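Next comes just one chain, in structure tokens: the form predicted on its own.
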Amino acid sequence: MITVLATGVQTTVQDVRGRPGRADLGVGVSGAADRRALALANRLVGNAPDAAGLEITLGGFAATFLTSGVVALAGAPAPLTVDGRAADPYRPVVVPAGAQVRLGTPATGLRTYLAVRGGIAVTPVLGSRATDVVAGLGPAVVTEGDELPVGPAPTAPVPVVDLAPPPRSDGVLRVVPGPRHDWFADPAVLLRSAWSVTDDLNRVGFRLEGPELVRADAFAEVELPSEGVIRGSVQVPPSGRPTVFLADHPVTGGYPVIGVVVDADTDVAGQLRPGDTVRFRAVSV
């Protein structure tokens, strides 16, 4: 059992799978914004890849471990201490019973993933332990004073790892043409430009600042009926500045999608923070 002392900007329970295949019911996939980081943290403590962990935004998390355990951090490299002693991310760390675990603010990246050996054993909802902050599915957003259950430790031993390498986080997002890329006078502006992440950012997605993506004359006054969108969709509202959808995106949208970030690179997108520069690179399907 873990008793939460502080949550920082936002802490949620997440897993890598989410709730796929239910868009027809209005249920989004959700799950970790950076699935690779959570899967890595789980591997470091010997969990199954789909074990639930904590997604911590910009650090500031603290908790007391009522029983001893093993933890690992991946994603944004937040400074980690166990009872005031510094420990490294990207490696398994033993936490004695009664010890306090605290995370500082990461210098880069946005979301840090804390895996606990045995996983966070909250009750699954529709097959997932992920918190969907928009739909209100899954466990509630973690708050101070919460007690989080930890599952039984796996039978396999903790892997012997000196230090795992952090994943790529260079802000380059590979993109394929979206279903409405022909609605724009010059869709290549998306690829030629350097975009800046604004502070309008959450688990749904983030807005970008840069040149205006102007609609072609034939579509300048056309209203688009709502159609399905997926994680990685780059939607362009009337402002002409794109929005990139992340884990808790809506299942439909009414603005044209100029491109779609390839699935693997949506994990990179999940680590972008306000002020970061984003570039899109075209790839074929």
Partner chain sequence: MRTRPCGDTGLLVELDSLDEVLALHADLAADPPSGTVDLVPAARTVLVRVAAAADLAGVAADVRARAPEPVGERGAGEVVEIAVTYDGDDLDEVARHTGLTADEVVAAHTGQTWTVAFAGFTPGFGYLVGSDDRLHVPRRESSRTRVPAGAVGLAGEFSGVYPRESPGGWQLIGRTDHVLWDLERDPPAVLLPGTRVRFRVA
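For clarity, every value in this text was computed on a predicted model and none was experimentally measured. Residue numbers count along the first chain shown, from 1.
Heads up, the form predicted in complex with its partner chain isn't pictured, but that's what we're talking about next.
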- Can you pick the one in V27, L58, L40, A62 that has a heavy atom within 4.5 Å of its partner chain in the model of the complex? V27
- Query: Which pick from P154, P211, P149, P179 sits with a heavy atom within 4.5 Å of its partner chain in the model of the complex?
  - Reply: P179
- Task: Please run the contact check for G21 against its partner chain in the model of the complex: heavy atoms, 4.5 angstroms, yes or no?
- Result: yes
- May I ask you to check whether D217 falls inside a 4.5 Å heavy atom distance of its partner chain in the model of the complex? no
- Contact of V229 with its partner chain in the model of the complex (heavy atom, 4.5 Å): yes
- Message: Would you classify A87 as touching its partner chain in the model of the complex, given a 4.5 Å non-hydrogen atom cut-off?
- Response: no
- Message: Partner absent here, but in the model of the complex, which of 68 to 76, 88 to 96, 133 to 141, 109 to 117 has residues with a heavy atom within 4.5 Å of its partner chain?
- Response: 133 to 141
- Item | Any residue of 230 to 257 that, in the model of the complex, places a heavy atom within 4.5 Å of its partner chain | I230, P250, V251, T252, G254, Y255
